[in-house]
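There is one chain below, alone, in structure tokens, taken in the form predicted alone.
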Amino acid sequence: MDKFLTVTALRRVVQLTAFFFFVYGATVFTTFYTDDKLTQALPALSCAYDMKSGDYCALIPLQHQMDHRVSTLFTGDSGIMQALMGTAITVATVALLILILNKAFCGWLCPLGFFQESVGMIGTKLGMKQLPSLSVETVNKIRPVKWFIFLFLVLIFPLLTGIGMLGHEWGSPFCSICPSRIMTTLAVGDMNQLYISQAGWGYTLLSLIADLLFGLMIALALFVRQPFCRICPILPMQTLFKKIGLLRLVKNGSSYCEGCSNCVKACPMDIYEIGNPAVNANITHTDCTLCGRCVEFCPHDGVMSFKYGPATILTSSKESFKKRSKIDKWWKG
């Protein structure tokens, strides 16, 4: 049994538990808090359109606050305190959650991240040829997209809607195209979010993008690791506070790292920077989801580590590398 006890095995158990809680939580754990939602500021994609969810992500309140509250600063309908208080509470809650778990919300708790990994595992078992890594050039072209989505679909378009410069359909445009909205509602048997709107060109455009993005994400996830995570606007939010996170990825390659790049090959987000030389440095990158695969697949003792505050909670070793490599080879056949 011990031969199957790995970080990835533990992560799968946590992901599966989180998936059921965030997608079905209000049904299974019917309490005041889950019915009313816990934080409404989760730094991971859990959807408010799922009426049975246990909690939902910060992006929907942020869009609504831009549309209905922050915009009143420009229309003169309210004072600064009334306009910004809701946003300040949401951002402070996100900062608190990131302080506790940093970007592990993506790698360990996000329902959509787990869904994409599950589709990838199905693709592997179906014998589909897996794309091991995207090129540096491709990664560099993709990375700015998440910032564009965050700035325009989460902040600017909702703000312009509240001011009256855009139609109502642009009040929460990211939720309108988010694959998690379709995935989680389908998971609870609700087909209402899979549609093509005929309410006007803006609604039609957003609904077409949503359906296309959902289908494209599933098709790509069969052979590309974490396709939607690479453009997810949750990453920029987490980046704003990653410096305060107690959990972090640390590299100490002073005399042991041979530059084998096993860490880069294992990374599902293709973060080439973690292969660079570093001495006792926090290398938690903007795109990192703290999944731990780079630590598992590092063949050197103590080079890659997870630290929580001053404490080391996981570190690379020759023995764990051999065990993990053996399991990986067995899984891929």
Partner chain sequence: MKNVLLALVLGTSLWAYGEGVLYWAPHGCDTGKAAAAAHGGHGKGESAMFAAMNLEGNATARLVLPDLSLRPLRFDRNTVMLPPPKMGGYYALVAESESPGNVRSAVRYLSLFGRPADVSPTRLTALPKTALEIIPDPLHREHDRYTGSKTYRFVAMFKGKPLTNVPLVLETRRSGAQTFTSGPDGAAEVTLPDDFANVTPGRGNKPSEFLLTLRHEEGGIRYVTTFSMPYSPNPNNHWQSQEWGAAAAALGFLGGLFLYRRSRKGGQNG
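Computed from a predicted structure; not experimentally measured. Residue numbers count along the first chain shown, from 1.
Just so you know, the form predicted in complex with its partner chain exists too; it's not on screen, but the next bit is about it.
- Contact with its partner chain in the predicted complex holds for all three of T31, D35 and L220, each having a heavy atom within 4.5 Å.
- A heavy atom within 4.5 Å of its partner chain in the predicted complex is found for exactly one of W147, F74, Y195, W201: Y195.
- Contact with its partner chain in the predicted complex, defined as a heavy atom within 4.5 Å, holds for exactly one of L208, I142, A88, I244, namely L208.
- In summary, the region of this chain contacting its partner chain in the predicted complex, judged by heavy atoms within 4.5 Å and restricted to 100-108, 150-158, 222-230, 171-179, corresponds to 222-230.
- With a 4.5 Å cutoff on heavy atoms, Y49 counts as touching its partner chain in the predicted complex.
- Although the partner is absent from this view, A92 stays clear of its partner chain in the predicted complex, with no non-hydrogen atom inside 4.5 angstroms.
- In the predicted complex, at least one heavy atom of M191 sits within 4.5 Å of its partner chain.
- None of the heavy atoms of C260 is located within 4.5 Å of its partner chain in the predicted complex.
- Three angstroms is the minimum change: in the predicted complex, the CA atoms of D35 and V188 sit farther apart than in this structure, by 3 Å or more.
- The gap between the Cα atoms of T34 and V13 is larger in the predicted complex, by no less than 3 Å, than in this form.
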